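Heads up, the chain below is alone and in the form predicted alone; it's given as C-alpha cells.
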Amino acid sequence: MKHFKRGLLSLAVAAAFATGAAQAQVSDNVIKIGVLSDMSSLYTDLAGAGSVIAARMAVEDSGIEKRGYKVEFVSADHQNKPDIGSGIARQWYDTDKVDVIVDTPNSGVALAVNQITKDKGKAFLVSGAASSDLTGKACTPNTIHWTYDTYMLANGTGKALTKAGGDSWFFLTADYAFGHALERDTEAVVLKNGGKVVGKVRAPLNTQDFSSFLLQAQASKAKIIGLANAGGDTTNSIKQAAEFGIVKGGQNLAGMLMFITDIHSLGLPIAQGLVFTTTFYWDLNDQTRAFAKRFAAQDKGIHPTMVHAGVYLGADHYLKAVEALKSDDGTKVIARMKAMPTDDPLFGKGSVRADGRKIHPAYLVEVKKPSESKGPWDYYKVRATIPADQAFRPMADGGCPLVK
C-alpha cells in the first residue's frame, strides 16, 4: 500500500510539473481574452453580446482548460468611438493583463486598437471591422483580419451587380473609415467592370433619418444605390427607401455589407431580392447548422452572423497557436497562427497570409421571397461560391509593409 501511495504521489507531482511546464511562458499562467465590441448601438445585433458567446464557445470546444490552462474573459462597449476603444485597449493591455482582443466592429476603432496592439506586442483578431486597410497600409505583425473586408464585399457584390447590368451607381456612405473604404473599394470594382459612379453622399454614423440622402440618390437616376454602411444604418436606409418607393421606381439597392440579423430585422417582404456577399451562412451544411443551434440556444434564438463565426474560429486558432508555442507572446502567437493552415467546420479550408488576411471562400447570396422561406432564419439562397484565392485582394496589391 505504501508503494501504491508513493506511486500516486509521484504521478501527481509529474502531472503538476507537466502543467507548470506547459504554462511556463504563459504570462500569469492565464490566457486573457478581451471582447471589444458594440454592446449598445447600431452594430450590437451583428456582434455585441453574441461575440462574447462565440468566444466562450471557442474556449469550451478547444478543450484547452482540461489540459491545465486557465482562460479568463473581459468585455467592453467601445461605443463606436476610437478614443474610448483606445482607452479600453490600453487599460486592458497595461493593467488588466489582457493577451488578445477580439471582434471590434467599427473600422475607426479597429484601426486605433491595431496600432496600440502593435506597440504593446499583443494580439488582435479582427472579426467585426471591415476596412481592407487593416491588411494594407495599416497592417502589423500583431493583427489578423479574420472574417471579411471591404475589398471582398466590393469584389463579390459590386462585380456581380455591375456585370448584371447595374452599370450606374450612386453611393450612400457611412461617413467614417469603414464607409470610406467600402465606397473606395466598390467604386474601383465598378469602374474596372465598365460601370460609372454618378454621385455620392455621406451620412453621419447612426443616422436615424435618411430622407435627404435617399432623395439625392433617387434624383440621380442611378441603376444601383450602393449602401456603403452597415447594421442599423443599413436597415434604416432600406426601410426608408421602401417608403419612398425607390425600388418600385426601377432603382435597385445594393446592401454592400449585410448580416443575417439585418434581414431578420427587415423581414422578407422588404428584404427579398437583396443580393450581397458573405463568408458564412448558418444553413450551409450540417456543421454550420450544428454550430448555429448551439449558439442560438445561448442567444435568445438569434442565429450567428459571420462576425460571430469569425470570433469563434479566430479564438480557436489563437488557442491552438498558444498551446503549440506554450506562450502567449502576441507577436509570436500571430506568427504561429500564420504558419498554421486552417480547416474548420464554419469556413472550410483556409490560411492566414503574411499581411494578416485570413483567406477562405465567400458566397454571393440572394434573400429569399417569403414564399421560398421554410421558417424563421431561412433567408438566403446561394447564387455563387467565390473561391478563397479569388475572394480577397491579392497580397501584392495591398501595400502592406510586411509583404516583401
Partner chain sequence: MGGVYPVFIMKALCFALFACAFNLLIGFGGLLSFGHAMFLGTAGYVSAHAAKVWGLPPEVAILAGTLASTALGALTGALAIRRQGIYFAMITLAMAQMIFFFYLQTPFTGGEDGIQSVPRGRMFGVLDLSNVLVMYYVVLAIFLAGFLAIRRIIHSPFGQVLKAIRENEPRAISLGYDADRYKLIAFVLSAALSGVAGATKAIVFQLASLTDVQWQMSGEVVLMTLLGGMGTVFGPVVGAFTIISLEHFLADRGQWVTVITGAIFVVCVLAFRRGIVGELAAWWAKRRG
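What you are looking at is a predicted structure, and each value in this text was computed from that prediction instead of being measured. The term rigid core refers to the most C-alpha atoms you can superpose between the two forms while keeping them within 1.5 Å. Numbering follows the first chain given and starts at 1.
There is another form of this protein, the form predicted in complex with the partner chain, and it is not shown here; the text below is about that form.
Enquirer: Give me the residue from 246, 284, 112, 197 that has a heavy atom within 4.5 Å of the partner chain in the predicted complex.
Expert: For this set of options, the contacting one is 112.
Enquirer: Which residue, 177, 257, 322, 100, is the contact with the partner chain in the predicted complex, using a 4.5 Å heavy atom cutoff?
Expert: It is 177 that has a heavy atom within 4.5 Å of the partner.
Enquirer: Quick one: does residue 205 come within 4.5 Å of the partner chain in the predicted complex, counting heavy atoms only?
Expert: Although the partner chain is absent here, residue 205 would touch it in the predicted complex, with heavy atoms inside 4.5 Å.
Enquirer: If we define contact as a non-hydrogen atom of the residue within 4.5 angstroms of the partner, is residue 107 a contact of the partner chain in the predicted complex?
Expert: Output for residue 107 is yes: heavy atoms within 4.5 Å of the partner chain.
Enquirer: Indicate whether the partner chain has at least one heavy atom within 4.5 Å of a heavy atom of residue 27 in the predicted complex.
Expert: Answer no; every heavy atom of residue 27 is more than 4.5 Å from the partner chain in the predicted complex.
Enquirer: Is residue 95 one of the residues lying within 4.5 Å of the partner chain in the predicted complex, judged by heavy atom distances?
Expert: Output for residue 95 is yes: heavy atoms within 4.5 Å of the partner chain.
Enquirer: Quick one: which of 144 to 152, 269 to 277, 169 to 177, 298 to 306 gets within 4.5 Å of the partner chain in the predicted complex, going by heavy atoms?
Expert: Of the stretches listed, the one contacting the partner is 169 to 177.
Enquirer: For the partner chain, considered in the predicted complex: do all three of 342, 344 and 389 come within 4.5 Å of it, counting heavy atoms only?
Expert: No, none of the three is in contact.
Enquirer: Tell me, please, whether between this form and the one not shown the C-alpha of residue 282 is shifted by 2 Å or more, with the rigid core used for superposition.
Expert: False for residue 282: its C-alpha shift is below 2 Å.
Enquirer: So with the core overlaid, does the Cα of residue 228 end up 2 Å or more away between this form and the one not shown?
Expert: Result for residue 228: yes, a 2 Å-plus shift.
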